[in-house]
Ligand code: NAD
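Encoded as structure tokens, the following chain is the form predicted on its own, with no partner shown.
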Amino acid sequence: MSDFSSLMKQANYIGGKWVGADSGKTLDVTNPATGEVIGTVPDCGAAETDRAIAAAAEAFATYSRTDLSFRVDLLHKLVQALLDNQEPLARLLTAEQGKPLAEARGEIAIGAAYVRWFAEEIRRAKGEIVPSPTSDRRLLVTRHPVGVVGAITPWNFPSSMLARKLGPALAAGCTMVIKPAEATPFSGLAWAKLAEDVGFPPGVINVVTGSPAAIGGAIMASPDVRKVTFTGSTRVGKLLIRQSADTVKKVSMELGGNAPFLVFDDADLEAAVQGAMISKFRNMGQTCVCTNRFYIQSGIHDAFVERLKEAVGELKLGEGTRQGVTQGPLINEAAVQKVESFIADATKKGGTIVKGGGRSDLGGTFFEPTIITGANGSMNFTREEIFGPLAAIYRFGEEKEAIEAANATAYGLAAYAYTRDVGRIFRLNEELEYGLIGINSGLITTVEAPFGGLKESGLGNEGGSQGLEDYLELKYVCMAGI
């Protein structure tokens, strides 16, 4: 077993120093699979956050003016450090978050891929010379780092979600104040440890743990923080957007989802089931792009349900480091109770449990992967994000009916569809109100493409060439008298 103790920093990183909370208070971090306390982190608030912001602002004055080659070289060294430590980082992630080790390894790998992508993409962040209406002028458009960035990251992908923010920010020349989720802070602190090891200057990266309200409030109130990037719930995202108004910050918001998964009669059944398993049960259903609602056309409905039941029956629950485990625990008791409430509501309103339906015999927060058929629009999970291993299956007749049902939500992050009709694929692209659309694939996230939602699922994009835009400001210079 690879030891992760050297990467598990039980202190905050501010201005290039590892420090505790002013009060000396700490928060326990537990393994959701065992309930064991694996360590503690400082319980910080506004005062410590203000110092982190000051350190980032001071560092920005010099880091933003460093050579592009200097920043690119540091980012490539950070990529290599991540890959060299992939196994201990994955084990640390599994210990605090619970996901199977294979998934944790994949998360570290894609995090490294995001950093590599932005180290390469910053070289192509070009300005332009605009044709002037008069011959005595030259019109220039240039790009510049936005400033200090506040990053607030979630517990479900505590490493890769930070990579999608840290990569473009550091590439552009921004400095950062990072607040990782209370449940999974060690993966965020590990980024600071590796960044320190490879030579990032003091103050460029700062990580503060503790009270979300106090830390987030200090970040939003500070005029020195020019951009905030947040991944989390729509409720909190709306609050941050309101708070951003007082200092007119740029914001990127990757918020909640309510992903539909449409399977048409002409679909490849095995491919649809395989995609359903990935899009629903990866990370125990705890992802913002997880399928929330399965809409299955009548002609293939029964065959799809039977094959999905078989596939779900092959899943293995357990502690994430054990051989063959595909499903870990839910993050906490509240998550379990939320899934239970959805199931109780659905069965009361006519839904049928055809697989699972309750807590696992393993105890704790382990929950059986569950399938409910006969889902309808009156059920709570039609409108609310499940965030757990519950597959709700709706039956539909015509294409128009499925598209209307898929769009009948305030969210617009991810959608999936399985069909071999080329004309339908283009219609789905036009009509589905989602920022990410997977056709005949249940796993579509990649560093080369933008990741962002429509409607109440967010603002801005992460990944792709578009992922740099929110970390850069445009300036227009008019040079006359030439």
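Everything quoted here is computed from the prediction, not taken from an experiment. Quick note: we count residues from 1 along the sequence shown, nothing fancier.
Just so you know, the form predicted together with the named molecule exists too; it's not on screen, but the next bit is about it.
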remark   = Checking 279, 231, 409, 297 against the named molecule in the model of the complex, the residue with a non-hydrogen atom inside 4.5 angstroms turns out to be 231
query = Considering the named molecule in the model of the complex, which of 236, 81, 110, 405 comes within 4.5 Å of it through any heavy atom?
reply = 236
inquiry  = Only one of these stretches, 130 to 138, 166 to 174, 319 to 327, 211 to 219, has heavy atoms within 4.5 Å of the named molecule in the model of the complex; which one is it?
reply    = 211 to 219
task = Would you check whether the named molecule, in the model of the complex, lies within 4.5 angstroms of a non-hydrogen atom from each of 240, 256 and 288?
result = yes
ask   = Do residue 180 and the named molecule share at least one heavy atom pair within 4.5 Å in the model of the complex?
value = yes
message = How about residue 56 - does it come within 4.5 Å of the named molecule in the model of the complex, if we only consider non-hydrogen atoms?
response = no
task = Using the partner position in the model of the complex, report whether residue 373 sits within 4.5 Å of the named molecule, counting heavy atoms only.
result = no
message = Residue-level question: is residue 415 within 4.5 Å of the named molecule in the model of the complex, judged on heavy atoms?
response = no
remark   = Looking in the model of the complex, the residues of 355 to 387 with a heavy atom no more than 4.5 Å from the named molecule, listed in order, are 385, 387
